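Next up: a single chain in structure tokens, the form predicted alone.
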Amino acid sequence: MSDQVKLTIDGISVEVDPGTTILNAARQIGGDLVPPAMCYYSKLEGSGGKCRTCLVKVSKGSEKDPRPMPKLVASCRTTVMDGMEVQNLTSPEVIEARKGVVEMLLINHPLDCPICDQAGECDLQNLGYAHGASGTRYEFERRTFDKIDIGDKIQLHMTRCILCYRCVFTADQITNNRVHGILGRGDTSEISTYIEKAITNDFSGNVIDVCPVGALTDKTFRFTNRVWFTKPVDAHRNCPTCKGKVTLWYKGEDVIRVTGRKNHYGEVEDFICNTCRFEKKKTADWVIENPTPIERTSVISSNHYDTLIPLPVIQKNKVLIKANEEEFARTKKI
């Protein structure tokens, strides 16, 4: 007898281990039917259940109890049952509810994408484009906060924060001296440090990578460039503190940013130390592997190639081949 649990998501069947959540079951199928997630992070224990963007409809509970669940459920927190049937994109109720969730997230979040460093790799920006409404019904004044520095390398712009708790879980689980968290309740809740302490531990920079919006940003990269004008490359080094596997972001021949490598769902595969992130910004410090795979739907993929030496567009006409090489050399310097 198989120990696997079989369920159906949007008409597609999948078998998963018992205890798997609906969200991770959908990720095993992949594609568009995977619910979006703003607060869930597979590497962080206890994450999920806060943003409600991953709501789905369970039209059949299980083989033993086929009754549907009376309300929409958060797929990142709901475990699967044998015979369960789930509706995501096939449910108008889910689509409408997700639209309302996006509207709620944008109540206080400012639409300052043109000046935000997270633009181009912002989960909320993608979510708003895919599921958001064209306007808002909110008529009251948005809550605003002053920008503060939490350490010499990280700036917090609380006005943009959606309280996903990712940065808190990251600091709590990969360091032994977390000094920041959620202060206040309700509409006064905010991310802050305790008694104005600075975040100085060697893995503090990872709170930048896990933030889905532009609330926590790299002060060494702020306003330096737009991500779609850079070229991300996978690289590694022998680091005594972390695994040393990173993504280098090039502008011409200069490394202007170093981040942890992220998977298809925008989650960091291995957390990196501050030495790799902030102090190793020379090509000589790294072993270059290959261009970072970029989704074709991402603006970062603009003018990128799958090989470090791109093939000429026109292969027969020598004049056009030379012109193409000159153009590529020119764009590398920009």
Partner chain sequence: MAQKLLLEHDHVPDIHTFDVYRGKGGYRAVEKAFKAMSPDEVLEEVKKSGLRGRGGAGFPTGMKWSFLAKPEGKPRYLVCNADESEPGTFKDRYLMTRLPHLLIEGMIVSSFALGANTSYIYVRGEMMPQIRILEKAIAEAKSAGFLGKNILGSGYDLDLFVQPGGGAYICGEETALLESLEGKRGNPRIKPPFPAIAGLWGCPTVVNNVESIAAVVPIINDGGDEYAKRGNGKSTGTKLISASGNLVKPGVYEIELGLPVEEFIYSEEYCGGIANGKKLKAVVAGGSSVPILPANLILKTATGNPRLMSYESLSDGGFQTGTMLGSGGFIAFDEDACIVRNTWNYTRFYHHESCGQCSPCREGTGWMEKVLHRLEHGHGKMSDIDLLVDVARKIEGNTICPLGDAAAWPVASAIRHFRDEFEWHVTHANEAMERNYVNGQ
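Everything numeric here is computed off the predicted structure, so don't read it as measured data. Positions refer to the first chain, counted from 1.
The same protein also has a form predicted in complex with its partner chain, omitted here; what follows describes it.
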Legend entry - Option from 182-190, 149-157, 111-119, 239-247 whose residues, in the predicted complex, bring a heavy atom within 4.5 Å of its partner chain: 182-190
Legend entry - Close approach of Lys281 to its partner chain in the predicted complex, 4.5 Å, heavy atom: no
Inset, instruction - Please run the contact check for Tyr129 against its partner chain in the predicted complex: heavy atoms, 4.5 angstroms, yes or no? - result: no
Legend entry - Any non-hydrogen atom of Phe203 within 4.5 angstroms of its partner chain in the predicted complex: no
Legend entry - Lys57: touches its partner chain in the predicted complex, heavy atom cutoff 4.5 angstroms: no
Inset, instruction - Using heavy atoms only and a 4.5 Å cut-off, determine which of Ala97, Val227, Val213, Ala235 is in contact with its partner chain in the predicted complex. - result: Ala97
Inset, instruction - Decide yes or no: are Glu253, Arg257 and Tyr265 jointly within 4.5 Å of its partner chain in the predicted complex, with each residue judged by its heavy atoms? - result: no
Inset, instruction - Can you tell me which bits of 57-96 touch its partner chain in the predicted complex, meaning any heavy atom within 4.5 Å? - result: Lys71, Leu72, Arg77, Glu96
